[in-house]
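This document opens with one chain alone, in structure tokens, the form predicted on its own.
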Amino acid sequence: MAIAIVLVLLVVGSVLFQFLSPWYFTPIASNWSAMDDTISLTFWVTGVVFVAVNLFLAYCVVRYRHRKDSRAKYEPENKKLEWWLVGLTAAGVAAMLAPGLFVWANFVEVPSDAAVLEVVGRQWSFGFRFPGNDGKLGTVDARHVSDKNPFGMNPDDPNGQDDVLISGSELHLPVDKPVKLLLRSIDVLHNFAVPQFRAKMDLVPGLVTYIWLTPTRTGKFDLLCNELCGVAHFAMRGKVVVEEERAFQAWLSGHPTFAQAAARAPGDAAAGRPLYAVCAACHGAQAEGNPALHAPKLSGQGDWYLQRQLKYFKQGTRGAHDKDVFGKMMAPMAATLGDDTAIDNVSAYIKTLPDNPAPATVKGTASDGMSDWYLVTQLKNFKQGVRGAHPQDMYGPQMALMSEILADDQAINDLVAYINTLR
């Protein structure tokens, strides 16, 4: 009897949890409501079977419990019962699978008026490419992938010259407009998934896969990679912003085309030398850094990194947090650089300076790269939310997530000590 009671309580508890639980689907934001319908139908079919089987089992436990002077009847076959079971099982399976086939038929049939864009995945970020005024995406090739050409654009393809390149992990889409997303991976298997869209698909190396959808409501939604793509898989995230057409066009026009990015003149080191005078007051004449002024070593750093951080300081993306005392000191210094050209020139001049090893302040050998005390400070800033929390910091949130794997200050020091040993 106790077992029968447990089975009945299991059924009742499961049904109540299903209908009363606060955890369910996120509110849908695309045309794929049929996805929810098929899942709901599956819940109903499997739920009815679950309830029926367990209640029947509870009945059998009571009805056929052990009694004195009672013997079980041996009945090896019951064709009538078997036909009922086969028929009901076939009907249940068909009820679950058939609607999914109709949804899949729609899923792979892209509307003729759908706009086309490309999503590029790499460890561990997303990038996006929109066609320009010609409406055609240029060809790409893995052989062209480099720091200067992260999308692998074919420089000889005229169709790609006006392609708009989005290097950050935030994608904007217009509301109520169908869109086809071509999915491509630079390295390993990734996945494009927005829970509110209900549609997701893998990014497979060597292939171009796709999904299509129509965003139905405005908002900002999490973009996730739902494939285990490496140690930082959990940090491969982005945002999809659905907005009105005018706002979308304004956002898109704020990004460079491939031709504009390729035509951008390199920084002029000679022009950057006098501009560096302001920087030298803290970072040293040879950009060797000065721990007493909390100024890290700049020589040897990638020019792309220096340019990004100077722009962040100018825009208030860095140095705006109340606890970022030294970032607040850096912000007005960056403001002395009038435009992007000045930033490029300064970084070009820094690139000409000798890259001498910085003295180690954390256990380990001298570092060839960034000052180790600065690495410790910034890792702590990321963990504490001092850095990486600004909405315009496209890369900081990923670093903030990565810093969480460092449990305490000792783990941070150990990591930086190991970095000191690298060449």
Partner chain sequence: MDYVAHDASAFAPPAEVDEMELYHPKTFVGKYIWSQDAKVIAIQYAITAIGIGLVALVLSWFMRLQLGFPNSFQFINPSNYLQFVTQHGMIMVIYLLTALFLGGFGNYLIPLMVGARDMVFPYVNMVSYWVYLSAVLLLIASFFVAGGPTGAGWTLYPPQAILQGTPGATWGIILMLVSLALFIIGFTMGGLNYVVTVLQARTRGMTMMRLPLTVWGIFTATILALLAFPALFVSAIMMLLDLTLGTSFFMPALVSMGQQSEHTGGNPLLFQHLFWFFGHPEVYIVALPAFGIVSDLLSVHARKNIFGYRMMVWAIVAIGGLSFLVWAHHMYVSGMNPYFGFFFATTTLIIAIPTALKVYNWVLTLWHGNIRLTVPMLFAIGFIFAFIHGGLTGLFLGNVTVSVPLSDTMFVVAHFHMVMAVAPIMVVFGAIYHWYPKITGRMLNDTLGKFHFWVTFLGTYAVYLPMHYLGFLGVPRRYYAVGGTDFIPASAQSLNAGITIAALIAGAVQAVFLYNLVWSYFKGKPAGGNPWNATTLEWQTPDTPPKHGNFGPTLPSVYRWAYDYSVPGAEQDFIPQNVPAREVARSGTKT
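Positions refer to the first chain, counted from 1. Just so we're clear, the structure is a prediction, and the values are computed from it rather than from any experiment.
Another form, the form predicted in complex with its partner chain, is not on view; read the next lines as being about it.
Though the partner is left out of this view, Val416 does not reach within 4.5 Å of its partner chain in the predicted bound form, counting heavy atoms only. Within 4.5 Å of any heavy atom of its partner chain in the predicted bound form lies no heavy atom of Glu245. Within this chain, Trp251 is remote from the site of its partner chain in the predicted bound form, having no heavy atom within 4.5 Å.
Although the partner is absent here, Asp409 is not a contact residue: none of its heavy atoms lies within 4.5 angstroms of its partner chain in the predicted bound form. Though its partner chain is absent from this view, in the predicted bound form it lies within 4.5 Å of a heavy atom of just one residue from Ile166, Val120, Ala287, Met236, which is Met236. None of Ala263, Ala90, Ala335, Ala281 but one reaches within 4.5 angstroms of its partner chain in the predicted bound form through a heavy atom, and that residue is Ala90. Contact with its partner chain, judged by heavy atoms within 4.5 Å in the predicted bound form, is confined among 185-193, 335-343, 308-316, 167-175 to 185-193. In the predicted bound form, the residues of 40-72 lying within 4.5 Å of its partner chain by at least one heavy atom are, in order, Thr42, Phe43, Thr46, Val49, Phe50, Val53, Asn54, Phe56, Leu57, Cys60, Val61, Tyr64, Arg65, His66, Arg67, Ser70, Arg71, Ala72.
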